[in-house]
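Given next, in structure tokens, is a single chain: the form predicted on its own.
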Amino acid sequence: MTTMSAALAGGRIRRLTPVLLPLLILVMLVGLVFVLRPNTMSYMGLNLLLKLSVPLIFAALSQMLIISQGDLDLSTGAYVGFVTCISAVYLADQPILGWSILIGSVLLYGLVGLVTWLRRLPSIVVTLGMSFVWLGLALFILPSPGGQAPDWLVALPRLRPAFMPFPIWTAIVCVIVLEFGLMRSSAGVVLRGAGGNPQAMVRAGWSVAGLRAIAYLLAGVCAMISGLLLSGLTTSGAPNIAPSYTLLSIASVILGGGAFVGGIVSPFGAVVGAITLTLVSSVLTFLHVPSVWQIGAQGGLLILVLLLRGLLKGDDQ
């Protein structure tokens, strides 16, 4: 019985390793930040430290929905920049036109998911092409950084909710909504099944094309929120404001336990991964590491986590 209990406990730990490992690294980073900058151990300190993670959290959740279908979205960063331009140019003075463009862009996101499945096109190629489309449209709307985000959007990241800063509340709400909506509901299981085992879903009578369109639509909504929040933080828009979001969002999902095989994702892990990558930049800044090395450090952290995950799971591949 003791041996069986130990085996069950070991299996449970191995299953939780993909999520617990980045969480452990996040806790270590937060502890290091508190040691380097003790004044961050306050409501305002945490708010300043984590506010840049909020747009990346939504970009990571957008990428997570695409990865759940076994695809990759290489247009995330360009689309986020496009949304900041719409926000800075239209939402304040012509809100109906601005929201119409945003809704149309989200519908186009869903259309991409539909077309890639029906025509059996590789998502990497299609979304890479879409990244140029979004960038071109953004440059047409706002050729140079500027504009003005609407007042309500600028005020949103500056909210001071009770007990915890806005970024922490946002992370908690995102995790709760997607953990129950995507991981624990029957609809979420079906949606993930379209990426994990599409042939089985077809045999069960589901339309994989429709499910993939829904997943891409939801991804577009998350990416749109990311762009709006980024525009609120910067109070303006710029076509090239978020090119790094594409790779950072992919890294956040993989860091948080996701896999490229489809169907294997974790909203909690993606959120933790996004916050972790944001904190890595802050820690390196506090240590006076040049910014050109920070992206390399984030990549090194991702490789380290993957190696540790493989060792703890006993994966010898």
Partner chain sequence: MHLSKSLSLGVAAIALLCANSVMAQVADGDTSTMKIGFSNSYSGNSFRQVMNQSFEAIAKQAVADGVIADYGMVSANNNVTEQAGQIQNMILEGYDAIAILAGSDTALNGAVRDACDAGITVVVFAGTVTEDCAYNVNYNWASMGKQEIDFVAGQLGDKGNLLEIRGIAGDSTDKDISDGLHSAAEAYPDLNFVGTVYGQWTSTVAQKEVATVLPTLPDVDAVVTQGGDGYGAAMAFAASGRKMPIIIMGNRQDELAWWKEQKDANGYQTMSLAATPSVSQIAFWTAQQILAGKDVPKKVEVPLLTINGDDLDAWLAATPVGGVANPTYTQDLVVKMIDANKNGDPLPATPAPNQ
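Positions refer to the first chain, counted from 1. Being a predicted model, the structure only gives us computed values, none of them experimental.
The same protein also has a form predicted together with its partner chain, omitted here; what follows describes it.
- Here the chain stands by itself, but in the predicted complex one stretch of 61-69, 41-49, 264-272, 249-257, 41-49, has heavy atoms within 4.5 Å of its partner chain.
- Taking a 4.5 Å heavy atom cutoff to its partner chain in the predicted complex, the contact residue among Ser236, Ser105, Ser123, Ser131 is Ser236.
- For the residues Leu218, Leu230, Leu191, Ile86, the 4.5 Å heavy atom test against its partner chain in the predicted complex is passed only by Leu230.
- Among heavy atoms of Gly146, some come within 4.5 Å of its partner chain in the predicted complex.
- Phe286 belongs to the set of residues with a heavy atom inside 4.5 Å of its partner chain in the predicted complex.
- Although the partner is absent here, Leu91 lies well away from its partner chain in the predicted complex, with no heavy atom inside 4.5 Å.
- The closest heavy atom approach of Arg119 to its partner chain in the predicted complex falls outside 4.5 Å.
- Although its partner chain is not shown here, in the predicted complex the stretch 240-276 places heavy atoms of Ile241, Ser244 within 4.5 Å of it, in sequence order.
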